[in-house]
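Heads up, the chain below is alone and in the form predicted alone; it's given as structure tokens.
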Amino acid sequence: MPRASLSRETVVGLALRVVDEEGPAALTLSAVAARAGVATPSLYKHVRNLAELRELLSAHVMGEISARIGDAVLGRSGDEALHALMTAWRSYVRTHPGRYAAMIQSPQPGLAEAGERLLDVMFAALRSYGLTDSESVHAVRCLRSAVHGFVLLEAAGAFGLPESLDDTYELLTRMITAGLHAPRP
């Protein structure tokens, strides 16, 4: 790839290819530069450092997840929306395990906008349950924890028992929706 075609978006795209093909541990500026066919210092015109590249990659991944789950819940509500959200999230991670594993999970200033979009979709999917604002926050935390935990374990091959993972995930989905229907204290 000629140097003239480098841009911030191109650098992020190359970083995505690195994590897709080699995993998150392989993401370095030199790995991205090698894919671009340039010396590592050429990347500094587009990203300050590896930390910024990881942040940009994370924002991109959050955007992809937001779009995927947003499309899945569109026109749905209640249990149907929640099931669609959970299914779409898992599908994304199964398709892009390296990207998901490379995504920064903790709040960062550079991820605020992408994180907010992701949360907006999750809050919208829960709206029909009639939760208070505080209950919605707790529900989103529980939902994220359940989905995130399952998909990370699945991606790592950590489920060794022979039962169907699809059946297990369906049970997890039913448990989350049942919890949202449970009487609140």
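Just so you know, these numbers come straight off a predicted model, no measurement behind them. Don't overthink the numbering: it's just position in the shown sequence, from 1.
Absent from the display: the form predicted together with a further copy of the same chain. The rest refers to it.
Shown alone, this chain has one stretch from 65 to 73, 153 to 161, 29 to 37, 42 to 50 that lies within 4.5 Å of a further copy of the same chain in the predicted bound form by heavy atoms: 153 to 161. Not displayed here, a further copy of the same chain is kept clear of residue 18 by more than 4.5 Å at the level of heavy atoms in the predicted bound form.
In the predicted bound form, a further copy of the same chain sits beyond 4.5 Å of every heavy atom of residue 127. Of the heavy atoms in residue 168, some are within 4.5 Å of a further copy of the same chain in the predicted bound form.
By the criterion of a heavy atom within 4.5 Å, residue 77 is excluded from the residues contacting a further copy of the same chain in the predicted bound form. Shown here without its partner, the chain carries 60, 90 and 94, none of which come within 4.5 Å of a further copy of the same chain in the predicted bound form through any heavy atom. For the partner-free chain shown, 134, 137, 138, 139, 141, 142, 144, 145, 146, 148, 149, 150 of 133 to 151 come within 4.5 angstroms of a further copy of the same chain in the predicted bound form, judged by any non-hydrogen atom.
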